[in-house]
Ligand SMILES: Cc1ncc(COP(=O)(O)O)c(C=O)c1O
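One chain follows as structure tokens, the form predicted alone.
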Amino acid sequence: MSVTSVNPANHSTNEYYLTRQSQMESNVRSYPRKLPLAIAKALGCWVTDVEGTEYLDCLAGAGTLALGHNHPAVVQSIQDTLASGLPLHTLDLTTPLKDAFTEALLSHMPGGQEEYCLQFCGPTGADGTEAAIKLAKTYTGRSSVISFSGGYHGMTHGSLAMTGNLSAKNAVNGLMPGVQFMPYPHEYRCPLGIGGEAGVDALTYYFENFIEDVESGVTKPAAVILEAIQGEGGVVTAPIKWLKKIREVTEKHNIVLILDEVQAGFARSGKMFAFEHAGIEPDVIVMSKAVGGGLPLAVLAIKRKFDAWQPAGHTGTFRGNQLAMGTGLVVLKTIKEQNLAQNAQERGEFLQAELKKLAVEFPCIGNVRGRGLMIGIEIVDERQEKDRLGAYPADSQLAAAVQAACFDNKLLLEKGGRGGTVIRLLCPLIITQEECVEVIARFKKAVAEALVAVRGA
């Protein structure tokens, strides 16, 4: 069927637009395959498709929309910026708006402007991680990087090399060399097969010994990059003692510690940044998604001693996105004025508590985890034998059916983790208690329906 042969009378259907999308766009598109709708409008935590159906959105642009869709203050910021006469594109030339945004963002860094400076990158988190690694190599004169299994840092050559998931890597040869992966602690599936505090202690010791062992076989790296809460990896939260040890060891050996806060940052975890739960100070913080208030922007916060760039050492045409700085400024102000970190914490605690109750009713919910409004629900096959730590095998077929049933129940969410077996909630920070109750009701119904569809019971 050609693009022009679709019946114009069907313009009001999702099928019409999805068919046209499949005809005009590459096979690389992913979300429409799992969430088959065409969006007509959205507000807050709600999305309306072209057929007039409303959905409760717990995806929120993969965590980008901290204030939900079309927040009045964000819309007003865009209108004000357009009316101000400011250029929309300034490279890295400054403006009064950029100045205000820079000052506001720096105020949220540990030690503030005295400790950190900002670098504006291209508009994606991947470009931010690329810039961070280049800076670490420039500063240290070393070439290798330590990353962690389950981590996600983007899809460009360098960032993909540091990403744990193999599905995208297997098709691409010649990624950035010199990346050494190490195991990341996991409360439900300990990579060492130990589990509990003993597993955390072993991984903490292993990292320190690996860096300091003169027979480890790996030269000292330029950087260690990690997420304090792994997002795409299945909402895996780093233990505090492990993060503290990594900070201690990297500081001792002058290794640049890079915290990727692209998804977990901006109050999603219940604190402004997820690393704050451990009370540490990274050398470089990578920010994107929510930092631009829903518009494309990526920023590094760099401890001043590590700012080893020469002028134009890392550039990007769209690093001067004035609309994104305006909307980002509004997001920062709103998070602070409305104490959205506390809302994320309280709503997240409620959701986790209710989900753990559902796990009693539905044993296919093997593990509920996360912090704040970054929650993972691991779907398992409880009919099979448990492993040595008491965890059931993951059930990717059922997880996919749960996501599909959620969509049928007008609840938008995504999967992640190994084999796509972790249902992920990334609700807007403004979500209300009533909306959280509705999330649980729809999710419960979806799990029951998915069990019938897959297992017949």
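Note that residue numbering begins at 1 and tracks the sequence as displayed. This is a predicted model, so every value here is computed, not measured.
Just so it is clear, the following notes concern the form predicted in complex with this ligand, a form of the same protein that is not shown.
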{"query": "Region of this chain that lies against this ligand in the predicted bound form, out of 206-214, 190-198, 250-258, 151-159 [heavy atom, 4.5 Å]", "finding": "151-159"}
{"query": "Residue 126, heavy atom within 4.5 angstroms of this ligand in the predicted bound form", "finding": "yes"}
{"query": "This ligand contact in the predicted bound form: residue 347, any heavy atom under 4.5 Å", "finding": "no"}
{"query": "In the predicted bound form, residue 186 touching this ligand (heavy atom, 4.5 Å)", "finding": "no"}
{"query": "4.5 angstroms heavy atom contact with this ligand in the predicted bound form for residue 263", "finding": "yes"}
{"query": "This ligand in the predicted bound form reached by all of 395, 414 and 418, non-hydrogen atom within 4.5 Å", "finding": "no"}
{"query": "Interface residue in the predicted bound form among 354, 281, 381, 232, criterion: non-hydrogen atom within 4.5 angstroms of this ligand", "finding": "232"}
{"query": "Within 210-228, the residues that have a heavy atom no more than 4.5 Å from this ligand in the predicted bound form", "finding": "227"}
